[in-house]
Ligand SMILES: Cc1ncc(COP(=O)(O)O)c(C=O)c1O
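Only one chain is included here, represented as structure tokens and corresponding to the form predicted alone.
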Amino acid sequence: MNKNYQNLSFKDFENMEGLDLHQTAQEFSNYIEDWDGRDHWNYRQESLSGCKPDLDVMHKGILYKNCVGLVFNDYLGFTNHPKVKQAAIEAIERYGVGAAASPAIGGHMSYHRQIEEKIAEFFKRDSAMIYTTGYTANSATIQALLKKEDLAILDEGVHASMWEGAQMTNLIKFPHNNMDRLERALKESQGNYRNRMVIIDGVYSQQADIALLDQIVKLCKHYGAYLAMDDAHGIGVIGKNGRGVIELYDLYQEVDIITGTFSKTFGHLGGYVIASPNIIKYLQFQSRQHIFSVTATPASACILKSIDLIDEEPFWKDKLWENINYLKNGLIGMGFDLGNTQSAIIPVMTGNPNLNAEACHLLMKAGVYANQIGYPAVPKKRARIRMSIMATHSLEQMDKLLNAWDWVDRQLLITKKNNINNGDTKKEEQEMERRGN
């Protein structure tokens, strides 16, 4: 076993040849201890204040107070909206705290039906069903619809839940948003499979950009393929009325399977699938994770109010974009590489896993809680600090964030204007690639 844990990633521990499960777990524990010893392990930190734009964080026994929180996908701040909280309280008073049964045999409550009807109407469609998580909505739906005779064609940037869903079928991946490669996959697979489905995100969670939905719809129609889109990060953020990428392109009726989550803009938990009535009826009884799982708790009735608020209080989306543009302009002006972000997700590219971890460590010292993202979530040379912006962030917090990045850049020389050791960083990356890490 290579003991240079600094050059390893989570991927190296997925299937360790010659080691049983206890030995693999021990090696992974050693890996965590090595990173933690350099104060580069910032996972599973304890948040003490809930999902808010500022919070207290406990890390290695040290309390970091009033950190700017950039780890939550609560884009419009609805997790703490008084009307959303009140709706959850009222539903608990009426129904109790749990559903205690699966949907087919007693667990389908009136609030479940209401959520399904309202989310379908939100997308100008007739039918929908809900799952207890957004991850399950994706994985379970694809597993139920695509089998060994079928083909999934996935943008390489889609969420892990879609990759899991495609494990029971044949699959082809194409480079992110590369329409030439998508067309090649469609053309070369024509006539070879019973069903073919192109699977994309609306807003991509790591790239932070948007699907070329108009072009993808045309290709799917031309080559006779179905289209599934998960727009978890686009709802409430993209489109004039917050309907996401499907509204941006005005293609409500052209996406066969629409999936998403209630855990981001809607401020709660759960997932949804929107499709034709017959597909929804099929999934209700053929999707095992749905029919054999207990249904969402009564608190999820608060989602009904969250959906309403997107239309009733559109100023939250306006405030969100004020924050996005203010932060983007500030970071770009400082020389940072933000990739092609077109959403409320703002990545700062560092390009090196260890530099990335140190930047995250220093940001915490400066009172900023953000996420380090590395391989295999993103390519090795595209390591980044990922920040999710909320409508409820204040201008003062945005300035605190910009000042923190300025200080971090002076310590680590990340930007081109400061990066005098850029050549050394590239040499390190080349050596890591040579070693196969």
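Just count from 1 along the sequence shown to find any residue number. Because the structure is a prediction, the values reported are computed rather than measured.
Form predicted in complex with the named molecule: not shown, discussed below.
Although the partner is absent here, Thr261 is a contact residue: one of its heavy atoms lies within 4.5 angstroms of the named molecule in the model of the complex. Among residues of the shown chain, Cys220 is not one whose heavy atoms approach the named molecule to within 4.5 Å in the model of the complex. When the named molecule is considered in the model of the complex, Gly134 lines it closely, a heavy atom lying within 4.5 Å. The named molecule is not drawn, but in the model of the complex it has no heavy atom within 4.5 Å of Ile346. Looking at 134 to 142, 121 to 129, 107 to 115, 163 to 171, the stretch with residues near the named molecule in the model of the complex, meaning non-hydrogen atoms within 4.5 angstroms, turns out to be 134 to 142.
Judged against the named molecule in the model of the complex with a 4.5 angstroms heavy atom cut-off, the residues Asp201, Ser205 and Ala232 are in contact without exception. Checked against the named molecule in the model of the complex, the candidates Arg196, His159, His290, Lys305 yield a single residue with a heavy atom inside 4.5 Å, and that residue is His159.
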